[in-house]
Structures are given as C-alpha cells and as structure tokens.
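Below sits a lone chain in structure tokens, taken as the form predicted on its own.
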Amino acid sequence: MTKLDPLIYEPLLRRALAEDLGRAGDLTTSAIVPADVSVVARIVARERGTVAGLPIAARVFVLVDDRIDFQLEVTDGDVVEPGTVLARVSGPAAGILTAERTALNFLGHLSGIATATAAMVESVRPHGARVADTRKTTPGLRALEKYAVRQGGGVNHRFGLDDAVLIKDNHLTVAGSVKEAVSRVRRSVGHLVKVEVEVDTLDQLAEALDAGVDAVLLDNMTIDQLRAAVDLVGHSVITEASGGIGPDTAPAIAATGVDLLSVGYLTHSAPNLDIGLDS
C-alpha cells in the first residue's frame, strides 16, 4: 500500500473529529477566537524521523473548514530533521485550532510507525531481509498503519483474514497435523491463494515442506533454530521469522538468512513522532 484512497480514510477522520467535538463543539475556540480571524501556521517536526500521513492531516483541516489551505513542504516518506517545516496551514483561525489535535494525532502516530520501520529496515539491510508488518494493528486504523509501514520502507503482510491462508498453532491443534491442515485448505481455497504455515520446531517445518506450502512462519525460534530452518528450506519457500522481534533483536535474526521479519512492534509499540503546530 503506497497510496491511500480518501474513500478508505475519510470515514475514520470524521469519526475522530466527532469524538473530539462531542455534542457542543470546540467550546474554548468558540469563546475566544472571532470567526473572521485568519492565521498562517506551520506544522513542524520536533525530532528527526520519517514522515507519513500528511494527506490525512490535510484532509482533517479541510473537513473542519473547507476554506483552510494546506501547503506541503515535504512529502510522505521523506526523512526530516528537527525544525523542518512539513506543511503550512492558512485560513480561519477557529477551524485550524479545532482541527489541530486530531490532525497531529494521525500525523504523529503514522510518522512514528514510518520512523520505526525505516530504522529497522536500515538495521537489517546488510542481510537482505525485508521487514513486514502484521495484523497487530490499532482497530480501525489498519489501512493507515500499514500505509505508514510502506512509507518507512517496509512491506505489508496480509491485510486481513481474507488475503491469504496462515495456518497457526491453534489451527494445527484442531486439524491434528500440518499435513491434514494443509490438505483441508487446498480443498477449500482457490488456486491463487497462498498458503503459509506457522511452525515452531524443525520437525513441523519438514512436515510443512512435504505438504507443499508456499511460505513458513518460523515462530519464536532461537537464532540457532532459525539458521537450521533456513538451511533445511534451502530457498524452496519463503521463510518468515516472527515472535517478539524488536529494534535490538532484528539484526541478529536477519543475519540467519530468513527472507522476512514479521514485526508486530511496528504498529503496536512504535513511539509517536513529536510534531507540532506553530503560529
């Protein structure tokens, strides 16, 4: 996902604004700021990071007051330094102040994800592994968060349960074995649907390879187990490491030779990028 369609995110923005405005609107701004006052403000990065979510922030301001003008100074995916002006906002002061927090919430959150992703991508670059997100996203914000991962140089895993088959440990418990689970899936889904199996032992991995899967998720394996798994696979299928991967552990895991690192941290724990609105 490299571009966001407003049809995807505008309902989210409207709900966020409704949450903030409540039943009576912006009491503070309404009381203090005359309706005919206009201002020019700047959206500024307070720290170094990778930007994501500028079109979303722009749309928040316009939804509050369509007379507000939002001029980009950088684009999503750019790396910026502290003090960099990301955009200039001009128009009715009341609308700008009312939209400010909602716009910055989205922009700071998504830029934080993009920044964390970019750092991890860079840390594993020498080993050739790719960094992927997971379904461990904020409910309702998955499309936006996965967009931010792409802006940071990562790749998207499946967007939902209907994208691809991922047979996990609890599925295996019900089916009784890897072979039986894969067999049931092959009888059920179309020929274009990819099938991945989560394994946590080398014996399960061997069974998955015999069953003819397209990818294997190597779950919570040690570094030695990951190396052995990569050797066993021999590039016959895609290998994906998963389980508690963070900034400190990613380089060593990538060095085992896996193709992908599946990282929930990017969307559930990446810190917010500090971005402010200055007059």
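Just so we're clear, the structure is a prediction, and the values are computed from it rather than from any experiment. The numbering used is simple: start at 1 and walk along the sequence shown.
One more form of this protein exists, namely the form predicted in complex with another copy of the chain; it is left out here, but the text below deals with it.
Relative to another copy of the chain in the model of the complex, residues Arg48, Val230 and His235 are all farther than 4.5 Å at every heavy atom. In the model of the complex, no heavy atom of Thr222 sits within 4.5 Å of another copy of the chain. Mapping the unseen interface onto this chain, Arg184 counts among the residues with a heavy atom inside 4.5 Å of another copy of the chain in the model of the complex.
Interface residue remark: Leu17 is counted as part of the site for another copy of the chain in the model of the complex, having a heavy atom within 4.5 Å. For the chain shown alone, Glu196 is a contact residue for another copy of the chain in the model of the complex, at least one non-hydrogen atom being within 4.5 angstroms.
Only one of Thr138, Gln71, Thr75, Thr201 lies close to another copy of the chain in the model of the complex, with a heavy atom inside 4.5 Å, and it is Thr138.
A heavy atom within 4.5 Å of another copy of the chain in the model of the complex is found for exactly one of Leu63, Leu226, Val44, Ala211: Leu63. Between 115-123, 176-184, 75-83, 203-211, the stretch whose residues reach within 4.5 angstroms of another copy of the chain in the model of the complex through a non-hydrogen atom is 176-184. Using a 4.5 Å cut-off on any heavy atom, the residues of 148-165 that reach another copy of the chain in the model of the complex are, in sequence order, Val155, Asn156, His157, Arg158, Phe159, Gly160, Leu161, Asp162, Asp163, Ala164, Val165.
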